[in-house]
Structures are given as structure tokens and as C-alpha cells.
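Just one chain is shown here, as C-alpha cells, and it is the form predicted on its own.
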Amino acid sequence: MPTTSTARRTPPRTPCSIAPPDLLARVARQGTPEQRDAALAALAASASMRTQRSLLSRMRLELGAETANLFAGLEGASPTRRQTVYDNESQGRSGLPGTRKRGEDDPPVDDASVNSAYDGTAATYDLLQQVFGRDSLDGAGMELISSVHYGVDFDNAFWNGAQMVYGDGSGQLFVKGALVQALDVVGHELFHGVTSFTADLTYSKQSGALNEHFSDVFGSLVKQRHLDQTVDEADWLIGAGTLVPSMGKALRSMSEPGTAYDGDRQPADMAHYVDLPDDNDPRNDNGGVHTNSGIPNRAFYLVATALGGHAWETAGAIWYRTVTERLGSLAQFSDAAAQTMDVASSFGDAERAAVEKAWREVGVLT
């Protein structure tokens, strides 16, 4: 049973996007004129999606997930990956999803972004189905919809409550074409869909940081499994190479939070927790959801490296059961610690000990 009541859930006020809004806000103030223009455009586009995101969330609340999801699979059908990639053709919200370019079992097309979205979505679905036995994001065969070439040189990628959306990048903040090519970015954003159908973690403060954390975990696992990497071979970076080199090496580091880019303020432990208000100021990042996710991110990294092997096999299984079965919408870091330890106990004493030690090292448990 969830550890926190889910009777009333507050729909997120903003799309779950890969680019931290506080990073965009900082660049909008301090970047070059070209960078400022790109950051302001990304912030404005994110703001314009809030109404749609809230509406889709309310549909799930009021009508139920099965009624609101028009793309759900038939109950009892065998798991089958279903996806379609569209070209937004440099339009915005009103142009979604766009022109159909590639569907399941269709051959590659001439557009590299379409093929990257297709391949990243396939890798994410395969992790969920083949490793965790989940049929798509909703567990019922939901068709996975992606739109590429969103807006004009849009510096972001996001899950809007119903589908994935990828901008091309301006070359001022994000390398052109890099967002849709990054498997962990694709997996991260799609996993927001899994979270919305399960724990539905409220996108604010610690519950919102957990929302971002679980997406970072499973985004990283998508990449690690695709590359067949062990925990020692993985780079534990989210979005490596997506930022222009002058800005940094990645969006987040799970092994060393706070080292991914210039101005990265992610803490690695509770002693450095960043207490921010949840207001409409993008600098405050919905109460630090992309910021404080560094704390549970490092906890997962510590568990995975302590257990060794492939991170998706044991550490990932513990985290998957926790987010899909154990947490309520208002869960805090302490809830995640307690529930991951409880789930780990079913794997064995060594697994539970590794989980407890990690949460103690990052200061969630004292």
C-alpha cells in the first residue's frame, strides 16, 4: 500500500522537462545575448504547456486513467510495443503531434531525429517490459507518441502528460539534435509517464524531487542496458554531451551531484539540501525538484555500485517496485528510504544493508 494518501492529488503546474528551469533562468540573466534569447524562448514555451499538462492530469483524476488515455491497449492482450513518431515541423503546441513519419515496424526514414526518437522509445519500452514486466507506461499497452522538431530551435524536451516532445536545440544551450539522440533523456522523460500512472508524485519540493529522481534512475538504466554496461562501466551522467561544451558536460551527475555544469547546485546529501519556495519563479524550480533530486540520485548510485553487476537487475528492481507499488503522491525522501529498504529485504540481507547504508550516507537516515 502507498505510504502517503493519494485521495487528493495536485496536478503538476508545469511539464516535466529535461532542462532544469533554474539553469534556463540563470542563462537568461547571465548568458551571451544569443544564449539569453534561447533560454527565454525555452522558458516561455514551457510556460505555455502548463495549461495542457494540468488539463491532462485533471482528466486522469476525474475520469480515471483508462478513460483519459485514448491510446490504451486492450485488456488481456499480449504485450506489444506500439509507437508512432511525428514531425512537429517547427510548430508549437497547436501543431502537436504533427505529421506521421514512422510507426512500429516501419523501416528507418531519412530524418535522424525521427529515428532517434523511435529507437529511444523502443529501448525504454523494452526495459519496462522485458525487465520489469510492464506493458508500456500505463501497464496496459499505451501507444507511445513522440513529436520531434518542436518549435524553432527549442532548447528542451518534455513529457506533456500524453506524449513526448523534443526540440532541436539552438546550438546556444543544447547541441543541435542532441536531446533526442540521448537515450537517457528519452528514458527519463518517458518514465515521467510511468510515475504519473503509479505513485503520481506531486511535482513540488521533495515529492517532486523524487519524481525527477526516479526518471533519472530509469533514464540511466535505459542507456546502461542498451549499452550492456555494468555499474562500473556506466558514466552515471544524465544527458552527457547534450549541452554545448562551454556550459558543461551533462545535465546531472548521479555519482557526483553538483559537478555536471557550471552553476550546478545539486546537493549530494541532506546537509546541503537546498530549501526553495514552490512559486512561479523558475529560479526556484518548483521548490528544487531538479536540484534536490541529487540526494536520492546519489543514494541509488551507491546502492547500485555496492551490489555490482547490471544496475537494472537488483537495484533497479527495488526502485521500480517502490515507485510503482509503495509510494503515494506526497511521499518524502524518508518514505522512499523506508520503502526501498522494505522492498530490498525481500531480495536478501545484503541488499537491504546496501540500501540502508546508502540512505544513511546521504543523510536521509540518521
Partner chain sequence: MKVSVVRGGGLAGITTRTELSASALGEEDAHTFTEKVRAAGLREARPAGGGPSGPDRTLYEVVLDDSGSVVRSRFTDDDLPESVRRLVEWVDARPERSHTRER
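Numbering follows the first chain given and starts at 1. Keep in mind it's a predicted model, so treat the numbers as computed, not measured.
There is also a form predicted in complex with its partner chain; it is not shown, and the following applies to it.
- Contact with its partner chain in the predicted complex holds for none of 113, 148 and 240, as no heavy atom of theirs lies within 4.5 Å.
- This chain is displayed alone, yet in the predicted complex one of 126, 232, 106, 281 has a heavy atom within 4.5 Å of its partner chain; that residue is 281.
- For the candidate set 159, 86, 236, 118, a heavy atom within 4.5 Å of its partner chain in the predicted complex is found for exactly one residue, namely 159.
- In the predicted complex, residue 214 stays away from its partner chain, with no heavy atom inside 4.5 Å.
- When contacts are judged by a 4.5 Å heavy atom cut-off, residue 249 does not count as touching its partner chain in the predicted complex.
- In the predicted complex, its partner chain sits beyond 4.5 Å of every heavy atom of residue 272.
- In the predicted complex, residue 225 stays away from its partner chain, with no heavy atom inside 4.5 Å.
- The stretch from 130-138, 217-225, 98-106, 188-196 that comes within 4.5 Å of its partner chain in the predicted complex, counting heavy atoms only, is 188-196.
- Contacts between stretch 91-107 and its partner chain, counted in the predicted complex as any heavy atom lying within 4.5 Å, involve 91, 92, 93, 94, listed in sequence order.
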